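Below sits a lone chain in structure tokens, taken as the form predicted alone.
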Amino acid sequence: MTASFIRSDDFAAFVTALIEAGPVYGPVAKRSRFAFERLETPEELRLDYDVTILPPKKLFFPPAQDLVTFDGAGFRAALEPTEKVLLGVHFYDVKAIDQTDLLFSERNYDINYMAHRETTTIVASNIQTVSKRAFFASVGADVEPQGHDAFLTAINGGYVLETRTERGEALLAFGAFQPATEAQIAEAAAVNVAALERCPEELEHGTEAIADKVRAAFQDEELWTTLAADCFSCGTCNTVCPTCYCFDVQDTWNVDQTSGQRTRFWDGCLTEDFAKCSLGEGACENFREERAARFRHRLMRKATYLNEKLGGPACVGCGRCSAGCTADIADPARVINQIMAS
């Protein structure tokens, strides 16, 4: 839509105005790490972050989300969406949000996700610091981020804000913006290209070649057993992934035994119980009992199973799983490159 410029000296006042108007969430420091949290002051905002501990999907799809409360009189929806601004999302996380938007809106429309998503204005921002395990430049490179309302890029002397939607355009009223010059727009574009060139990890082949080779390796049990040998089945790689969307649903009863709540929790295919099904009378069946089968399933989901539906791989190269894996075996770039070289 439009490209505007705001001086560095005026940026704090812009963020303050947003905070005064309603909830604003952005990256804040958590010791040496970063997390998306509600902002109280503009000074908390850290647009120079590398990657957050958890992805921004947690605002629409929390790790624990009450769905309904119930008692003897019936049940009530626990959904209470509010208008908010999500500020400072890197482009790879926008791509992940695009994927979850599709997966939660197709067929069985998930109101518990979409209601929060549809009341959020997303402002993406350029990557000032690249994560040590990132490979976002080489995964799904032909897939463009779509789900943001504006894109903010830090340049010399201030920020260029490029609006994408009417929601993004409405943000201009909160700050001392002026039309960006052609030179400022060109500088912003160069800044974003430069970030792609700083990725420390890289996939050595394209999306289609990877999808074909990974799928062809499905029956190679020795390969998957070797790759999963050190896996703890902790599910950290699932938990921190911006494109994972599996969940479990549990009912919790209060001590009165008539009231309670139904809650859904993040779940992950690397955990031992994920594929365990009840057969009744205390019996059960686990159709992915071996670590190798669970490890294989995750890689298949990321590299090949969902490509046709999503238009690209179900991985955006953020590097969270690589950084979070205690055994250091979850890195998709490393595993895929190994498969491609075999």
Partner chain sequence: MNHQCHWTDVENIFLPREATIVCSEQATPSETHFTLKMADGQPIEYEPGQIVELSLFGYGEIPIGIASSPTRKNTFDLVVRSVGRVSGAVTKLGKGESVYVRGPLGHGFDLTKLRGHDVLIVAGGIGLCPTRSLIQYILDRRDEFDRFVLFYGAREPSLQLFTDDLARWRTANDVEYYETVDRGDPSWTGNVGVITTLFPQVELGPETRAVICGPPIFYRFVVRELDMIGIPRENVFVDLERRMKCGVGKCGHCQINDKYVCVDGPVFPFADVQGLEEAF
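Numbering follows the first chain given and starts at 1. All figures in this text were calculated on a predicted structure; none of them were measured in a lab.
Absent from the display: the form predicted together with its partner chain. The rest refers to it.
- Interface residue among F104, F177, W224, F91, judged by heavy atoms within 4.5 Å of its partner chain in the model of the complex: F104.
- The three marked residues, F5, A137 and A190, fail to reach its partner chain in the model of the complex, with no heavy atom of any inside 4.5 Å.
- Stretch 259-267 is the contacting one of 155-163, 197-205, 168-176, 259-267, since its residues have non-hydrogen atoms within 4.5 Å of its partner chain in the model of the complex.
- At a distance threshold of 4.5 angstroms between non-hydrogen atoms, E40 is out of contact with its partner chain in the model of the complex.
- Mapping the unseen interface onto this chain, T181 falls outside it, with no heavy atom inside 4.5 Å of its partner chain in the model of the complex.
- Looking at Y49, you'd find every heavy atom of it more than 4.5 angstroms from its partner chain in the model of the complex.
- Interface membership of D273, defined by any non-hydrogen atom within 4.5 Å of its partner chain in the model of the complex, is confirmed.
- Contacts of stretch 67-88 with its partner chain in the model of the complex, defined by any heavy atom lying within 4.5 Å, are made by L67, V68, F70, F75, R76, A77, L79, P81, listed in sequence order.
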